[in-house]
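Here you get one chain, nothing else, as structure tokens; it is the form predicted alone.
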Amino acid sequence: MNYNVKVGEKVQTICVADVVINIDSADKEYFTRRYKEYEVEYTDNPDMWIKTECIEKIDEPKGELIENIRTSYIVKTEDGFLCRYAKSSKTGKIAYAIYYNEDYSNVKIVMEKGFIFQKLNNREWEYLYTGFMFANRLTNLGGTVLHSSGMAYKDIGIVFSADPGTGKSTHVSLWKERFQNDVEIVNDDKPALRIIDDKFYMFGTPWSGKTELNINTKKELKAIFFIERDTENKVERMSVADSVLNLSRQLPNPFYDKNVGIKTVKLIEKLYALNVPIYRLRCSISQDAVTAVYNEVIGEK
């Protein structure tokens, strides 16, 4: 597949976590606005191409069957690309097909127009799939996307991760309530992490979950917190085993690509080599929880 721009095509170029992407959205009205803060000048040689299409009917992708898990299939096409696609369990029709090369530098997402799959519409799937493919590309480039709420307090980057519904976004909102303009919400759901010159940095991304709370910025990562609800507020440094377990649950681990999993493990090793502290935060939803983290990270105990 080749996505070089043709005369008359409108392709948006964005830069996310230092990854330059030429992205041709199906829902241009929505995504042109969503990506606008990350927009840069067009280039013929981006780090990644993503093209999304909505069509009336998706034909069965042809190629060598690599894997079949329930209603999901992976085939290797004649031109050397991989294709992951899924069928509706009710109708047997193909809901989507994603074509990609091994390092995810070239991705094409095809969806059946107007099809509701697992209660999500085309726009919602386009948002999810472009985010997933960006995460896989970033992992191949030595970074990752952490399911977390990332914030910066006076340029100090901190991320709070947890299972959905635990209160990571609520905790960050308490920081904003208390410190106001001294706090920036970098990304409310999926900030990117990258190593640059032997330092870990957190970046904003346009994929921020149900909200649009994200900014195009880069902050040095000071600490990672995994939140557990409790009646008391306590911060404790995690053991290596607990840290790896919690990170592996919140980092990308696509079932269809074991190489992404291996590269993610290597990134965790680098995280430790650079001494980025990882904590467990047992907390209530209160300003006392903010104080506990503030005292640990900022150092004014």
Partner chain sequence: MKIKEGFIKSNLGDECVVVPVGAQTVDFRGLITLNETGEFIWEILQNESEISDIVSAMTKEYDIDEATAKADAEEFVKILSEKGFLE
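Fair warning: this is a prediction, and the values are worked out from it, not measured in the lab. Residue numbers count along the first chain shown, from 1.
One more form of this protein, predicted in complex with the partner chain, exists but is not displayed; see below.
In the model of the complex, every residue of the candidate spot (Val244, Gly261 and Tyr272) has a heavy atom lying within 4.5 Å of the partner chain.
Looking at 52-60, 253-261, 228-236, 29-37, the stretch with residues near the partner chain in the model of the complex, meaning non-hydrogen atoms within 4.5 angstroms, turns out to be 253-261. Within this chain, Ser248 lines the site of the partner chain in the model of the complex, having a heavy atom no more than 4.5 Å away. When the partner chain is considered in the model of the complex, Ile69 lines it closely, a heavy atom lying within 4.5 Å. Although the partner is absent from this view, Val240 contacts the partner chain in the model of the complex, with a non-hydrogen atom inside 4.5 angstroms.
Using a 4.5 angstroms limit between non-hydrogen atoms, Val265 touches the partner chain in the model of the complex. Taking a 4.5 Å heavy atom cutoff to the partner chain in the model of the complex, none of the residues in 154-193 make contact.
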